[in-house]
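Here's a solo chain for you in structure tokens, the form predicted on its own.
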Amino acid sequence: MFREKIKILDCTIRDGGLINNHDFDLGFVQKVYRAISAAGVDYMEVGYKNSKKLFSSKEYGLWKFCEDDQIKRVIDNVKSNTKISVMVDIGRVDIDDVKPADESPVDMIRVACYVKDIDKAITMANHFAAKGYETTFNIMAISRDNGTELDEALDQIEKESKAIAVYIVDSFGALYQEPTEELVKRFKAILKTREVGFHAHNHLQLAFGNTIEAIIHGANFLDGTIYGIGRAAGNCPLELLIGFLKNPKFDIRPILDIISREFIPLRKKIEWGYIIPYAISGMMNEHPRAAMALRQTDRKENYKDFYDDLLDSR
């Protein structure tokens, strides 16, 4: 499977940070960056660019804020073609605090939004584009928010934005292959001058399969994480994606090495991956927050009760 236009973005630290309040230590992030760079991955997303006026640095780690000085410490003395990405949420970033791209180690800013907020998202993305950044839209909760308003939002992006790509985000890990195919085709039919991206969650063990489906139908911007780390059931495993693509520019060996050295021990400290409560939330097309809360209680293995509770709450 070789297509030159395909770009891989690793969001290990950003999505993985949703498990531990973005509190990875600097040395760990440096190791991830070196592995990602050695593997030839196109982008590494190091976290969120949130305002400290809104979030406490005592509650969250460095990668909730992604200050330029900390990012520079991560990438210092590493020869790499891997670009740095950060994510922003509407209402959580002070856009005036973001320096011009030529003064920052960040190359790309991804704007996460819901369909209803597309006006605000376009304004924000265009602001960052004017500062010299590559920009994308990550349209969240797509499995529940794909009515006619989605077509209108995509048309508005095509006509008014400067983004290079628009991501389909399976926030609830609820998509199967057929709706994945339909969504990619729908995005591509409207977005004539943008790339389509795909970001999968693994609640139904379909993150990798759905990513392949998205590739088949023309998605060229693909997200993955090392060993599938990420919120709840995690994301499409980067190592599987690299192994599938058969692109000589990617080298899977640095990823396999860091899994052995860092992620196997980490998996014993924090939990992610396919677990039944996350599967249930995916089956019901629900946000995994209830399943995540369950996993912090002494009832965490009571799967039938959780299923019934979630069913009753709908």
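The structure presented is a predicted model; accordingly, all values stated were derived computationally and were not measured. The first residue of the sequence shown is number 1, and the count goes up from there.
Omitted from view is the form predicted together with a further copy of the same chain, to which the following refers.
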| message | Is residue 58 part of the interface with a further copy of the same chain in the model of the complex - any heavy atom within 4.5 Å? | response | no
| said: Under a 4.5 Å heavy atom criterion, is residue 202 part of the interface with a further copy of the same chain in the model of the complex? | reply: yes
| message | Contact with a further copy of the same chain in the model of the complex for residue 253, defined as at least one heavy atom pair within 4.5 Å: yes or no? | response | yes
| Would residue 246 count as a contact of a further copy of the same chain in the model of the complex, using a 4.5 angstroms cut-off between non-hydrogen atoms? | yes
| field | a further copy of the same chain: the contacting residue among 280, 39, 44, 32 in the model of the complex [heavy atom, 4.5 Å] | value | 280
| request: Work out which of the listed stretches, 22-30, 44-52, 253-261, 60-68, brings a heavy atom within 4.5 angstroms of a further copy of the same chain in the model of the complex. | output: 253-261
| Any chance 176, 208 and 302 all have a heavy atom within 4.5 Å of a further copy of the same chain in the model of the complex? | yes
